[in-house]
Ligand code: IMP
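Consider the single chain below, provided in structure tokens and representing the form predicted on its own.
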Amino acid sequence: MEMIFVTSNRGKVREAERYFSPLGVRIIQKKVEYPEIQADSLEEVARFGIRWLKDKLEAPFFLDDSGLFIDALGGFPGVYSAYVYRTLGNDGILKLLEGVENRKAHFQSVVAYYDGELHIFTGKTAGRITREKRGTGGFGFDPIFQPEGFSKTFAEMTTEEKNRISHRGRAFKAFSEWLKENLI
């Protein structure tokens, strides 16, 4: 079985392959631009992406949308994470949290799969925002996010360590388990 993964990020494809290759599913990366709407939830953004792409791509295909949600900022940047990272970056988030004691946060990922019908899978990783950037691995907010129960940030972890506990990995795991039960 082949499935298209709509993403420009090769690292996300490698992470997906870890879950789907053992099932005999071949992931084909497709870089297709689609509008990301301003919405209240990652699910809404992913649903819109599927609706926009369903007449342009051959099913089955999937996409993902992720965000960092910081408790003390009312869930900000959330669905605006990519934009906030591009404009404020890690330094901007750390500045917003100067003097703030509650550093709880979580990453959430939504995988939307379309096979003629829409299926949504979510994953979440709880943690906290550090007081300084640490590590050089990963991407985005990884240098300032320390997952619960760990002393390292995502950026200080190996790719394998991060993928075992990541929000996207958890969404891919739920998706792969659903595939195993329903399609394979």
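Since this is a predicted model, take the numbers as computed values, not measurements. Residue numbers here begin at 1 and follow the sequence given.
One more form of this protein, predicted in complex with the ligand, exists but is not displayed; see below.
Partner proximity in the predicted complex, defined as non-hydrogen atoms within 4.5 angstroms of the ligand, places exactly one of 62-70, 128-136, 47-55, 115-123 at the interface: 62-70. Heavy atoms of residue 36 reach within 4.5 Å of the ligand in the predicted complex, making it an interface residue. In the predicted complex, at least one heavy atom of residue 140 sits within 4.5 Å of the ligand. Within this chain, residue 162 lines the site of the ligand in the predicted complex, having a heavy atom no more than 4.5 Å away. Mapping the unseen interface onto this chain, residue 85 counts among the residues with a heavy atom inside 4.5 Å of the ligand in the predicted complex. Contacts between stretch 155-172 and the ligand, counted in the predicted complex as any heavy atom lying within 4.5 Å, involve 162, 167, 168, listed in sequence order.
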